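Quick setup: one chain, the form predicted on its own, written in structure tokens, and binding and motion questions come after.
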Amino acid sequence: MLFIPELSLLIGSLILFGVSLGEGKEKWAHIVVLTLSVVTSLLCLATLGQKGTLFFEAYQIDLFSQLFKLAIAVGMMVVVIIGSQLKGVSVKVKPEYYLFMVLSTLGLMMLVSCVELLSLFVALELSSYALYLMVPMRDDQGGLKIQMEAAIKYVLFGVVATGTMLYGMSYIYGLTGTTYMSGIVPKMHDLAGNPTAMLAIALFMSGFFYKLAVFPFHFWVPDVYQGASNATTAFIASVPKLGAAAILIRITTLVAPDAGESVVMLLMVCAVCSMFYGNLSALVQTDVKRLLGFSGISHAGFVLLGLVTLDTVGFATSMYYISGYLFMNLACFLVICKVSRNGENVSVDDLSGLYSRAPLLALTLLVGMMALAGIPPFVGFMGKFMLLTGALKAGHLTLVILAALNTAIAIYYYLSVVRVAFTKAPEGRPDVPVDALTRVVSIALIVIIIVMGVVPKPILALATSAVKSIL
């Protein structure tokens, strides 16, 4: 039972591998992956209270890991539903595409449970290499080969980030003599203030800064978002960030609360640079996916605000915020996937008159964009409010002022998209067909975004309990 969510994905990947061996089985592949995502989500829910260790205590199951696994499974399920037709991906490679998506999800689920450096590295690579292969699987759009350029950038930046992270891991092993987090944490606390220990933690974090798209490991984001198919971008933009946030929280626990000034300063600088770079770059974007890419960089900066406090409540707030970001982002990508007729990228002008062409999609876009902008009563507002409050209590006034300024900048470009969807005439653009399953998912995402914003207390209490289980 401890390993059953991962086991279901492992069995599902073997089934998908079998399906991919034949031709003309793309419908079967979609049925398998949809069923698998639903079953895995239910299994994650059923095993939420499980506790234990596996594989010589390298793999830990607790409330922290199980909550992240549930969010990862639900994220995959939503991506499979909103990208059901896989527009922009060749029919021939659809079974393999689903296989890689499942393997990436498996890697992410394993990542959040790994408490030993080598197993953590293997899980990270499993999740990453599957994504590297999904990006170039897009159909060639107008012979530009943008998906190939995106894939090459993604791989090269990934290799550099992974190499830097491994270098940090080697320092940590050299300083502590163990690869187990349970042994590393007390020894790193004893080394508090040691420059080599602080450097090791910073290098270790870099691999997950890349996953989360934190400055200066963000350069791959706009090109990969634009070059990958819409469904691939929806997955990359939301699900892997959960795994990155989970491990960054685990790594930050290595820092002693009373002697981590250098790491806190690093996190603050990265947070501020991510916010300003992401928001200012997003102001001039016309491609919606590129806009959401730069937006993702700024939101990564907000996630770091919870880590700079070095306390349980701050970590729990980061957990709450990244979970809310998953649903806000998926709401926006649902609209992109449905508005795109043949898998092409969607520009802001393509959303003109969406209120009359597909009212439910327009409402979904409105809720998603306003939540990302941090407007009440949505989850984005409550998440930002609690992150800023926590940082202020920790004495980081300058950081809070700069973050609040960034929130104001972001409102402009998010509401610009909403303005086009609700105030511009359709100008001959056709209505957007919306099937029953998409309607259900749209309504569910809207409800989740509102409920998480209006009633954050039980979710935050659960996140706090989860963080306490790993401290």
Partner chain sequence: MDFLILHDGWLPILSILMILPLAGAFLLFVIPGENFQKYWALGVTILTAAVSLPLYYSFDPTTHNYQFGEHHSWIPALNVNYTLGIDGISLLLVLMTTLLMPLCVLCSWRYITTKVRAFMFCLLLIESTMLGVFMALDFVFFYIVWEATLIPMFFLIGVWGGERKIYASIKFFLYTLAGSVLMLVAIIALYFNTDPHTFSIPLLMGQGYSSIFQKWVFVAFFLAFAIKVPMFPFHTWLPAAHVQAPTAGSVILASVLLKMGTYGFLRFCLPITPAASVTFTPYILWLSVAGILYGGFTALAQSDMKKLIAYSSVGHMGFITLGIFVLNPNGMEGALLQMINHGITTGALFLCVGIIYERTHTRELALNAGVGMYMPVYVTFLAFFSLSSLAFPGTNSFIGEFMILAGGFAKSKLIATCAIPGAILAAAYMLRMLQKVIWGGTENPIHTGLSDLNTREIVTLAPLLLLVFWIGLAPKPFINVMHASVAHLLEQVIGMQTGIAPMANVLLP
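From a predicted model like this one, the values you see are computed outputs, not experimental measurements. Residue numbers count along the first chain shown, from 1.
The discussion below concerns the form predicted together with the partner chain, not included here.
When contacts are defined as a non-hydrogen atom within 4.5 Å, all of 375, 388 and 456 contact the partner chain in the predicted bound form. Looking at residue 28, you'd find every heavy atom of it more than 4.5 angstroms from the partner chain in the predicted bound form. Using a 4.5 angstroms limit between non-hydrogen atoms, residue 42 is distant from the partner chain in the predicted bound form. In the predicted bound form, the partner chain sits within 4.5 Å of a heavy atom belonging to residue 423. Of the heavy atoms in residue 439, none are within 4.5 Å of the partner chain in the predicted bound form.
The listed set 86, 382, 358, 316 contains one residue whose heavy atoms approach the partner chain in the predicted bound form to within 4.5 Å, identified as 382. In terms of contact with the partner chain in the predicted bound form, the residue from 404, 54, 48, 443 that brings a heavy atom within 4.5 Å is 404. Comment: 367 to 375 is the region of 243 to 251, 114 to 122, 367 to 375, 194 to 202 lying near the partner chain in the predicted bound form, near meaning a non-hydrogen atom within 4.5 Å.
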